[in-house]
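First, one chain by itself in structure tokens, the form predicted on its own.
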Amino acid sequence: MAAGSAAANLMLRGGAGLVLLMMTTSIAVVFVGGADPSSGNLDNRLAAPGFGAMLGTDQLGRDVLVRTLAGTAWSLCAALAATFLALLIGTSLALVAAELGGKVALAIELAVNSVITMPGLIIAIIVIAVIGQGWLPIVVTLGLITWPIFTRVILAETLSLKARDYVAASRLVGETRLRIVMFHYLPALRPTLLVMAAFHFADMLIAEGALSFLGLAAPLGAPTWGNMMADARPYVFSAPWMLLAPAAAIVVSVIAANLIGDGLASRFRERRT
């Protein structure tokens, strides 16, 4: 038990430490240090990693390290906001369906099945075509695509909680539905929500990078990891550092998010045991 707890703590600290390190470095270099990710020098284009540019420069002479750090804030914040939006929508609908049941639950289940059966890329194209490119549109797009994941899991767990004796006793003494949701359902659902959010965050990082790579998220030229990988395609062999830097940032971020999810899952599993 002690070994398992130590491993869970190590995964949690490792994952959180990686995310914190990336965000802190990004803020220190780009926002506090004033490094401009859009500033380039054509005389220094496609320069190999060296003292002047630790990770080299791109086709316009822009510092790849600075652009990668600038993309950290965009990608991590977008993934976090999209995860929160999906969690908020999915959990709210699951709680409403569990409490009201009947036609309301049927309508929510129909909405879940409709979103799941539609290709996510098609929804992304439609949403971005309507509201345009940018940080907020990509957050809304990813949230609208992925909220059914939370609805299905949370609905199943809430229905299980609804059948518990202490919930039935709460109804008998006159507690309102809102109070039961706030003080009985949500505390019991917290472990599941936190673990799901951590793993969902990793999925959102990959999804945001993929949409940016396809030109469906950030405006062209914006310093995001997906845009940087798209710009690097013609230079994969002549300047591989252009691709490796943003790709490594995505890999490290996804590993960190999964470490957090695994650590939380292990910790909550031990508490239940």
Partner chain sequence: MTQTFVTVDKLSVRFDAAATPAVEDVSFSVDRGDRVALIGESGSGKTLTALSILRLLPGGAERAGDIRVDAKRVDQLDPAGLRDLRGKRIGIVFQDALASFNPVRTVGSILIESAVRHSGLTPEAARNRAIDLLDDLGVPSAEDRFDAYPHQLSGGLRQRCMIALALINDPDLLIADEPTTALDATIQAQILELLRERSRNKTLIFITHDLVAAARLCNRAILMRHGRIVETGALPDMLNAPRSEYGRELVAATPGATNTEALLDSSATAAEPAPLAVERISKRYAVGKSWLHALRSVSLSVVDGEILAIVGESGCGKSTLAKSMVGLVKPDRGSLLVDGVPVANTAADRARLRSKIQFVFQDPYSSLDPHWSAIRSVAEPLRVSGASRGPAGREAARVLERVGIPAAMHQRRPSAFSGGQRQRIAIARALAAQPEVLIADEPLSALDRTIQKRIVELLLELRRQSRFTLVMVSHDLELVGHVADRTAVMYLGEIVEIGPATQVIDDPKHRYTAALVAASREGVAPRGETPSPVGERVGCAFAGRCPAAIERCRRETPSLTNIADDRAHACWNPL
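Positions refer to the first chain, counted from 1. Here the structure is a predicted model, which is why all the values come from computation and not from measurement.
We do not show the form predicted together with the partner chain, though everything after this point is about it.
By the criterion of a heavy atom within 4.5 Å, residue 175 is counted among the residues contacting the partner chain in the predicted complex. Although the partner is absent here, residue 184 is a contact residue: one of its heavy atoms lies within 4.5 angstroms of the partner chain in the predicted complex. Contact annotation for residue 100: none of its heavy atoms lies within 4.5 Å of the partner chain in the predicted complex. The partner chain in the predicted complex is not approached by residue 156, whose heavy atoms all lie more than 4.5 angstroms from it. Only one of the listed residues (106, 168, 88, 136) places a non-hydrogen atom within 4.5 angstroms of the partner chain in the predicted complex, and that residue is 168. 188 is the sole member of 96, 188, 140, 80 with a non-hydrogen atom within 4.5 Å of the partner chain in the predicted complex.
Of the residues in 204-218, none comes within 4.5 Å of the partner chain in the predicted complex through any heavy atom.
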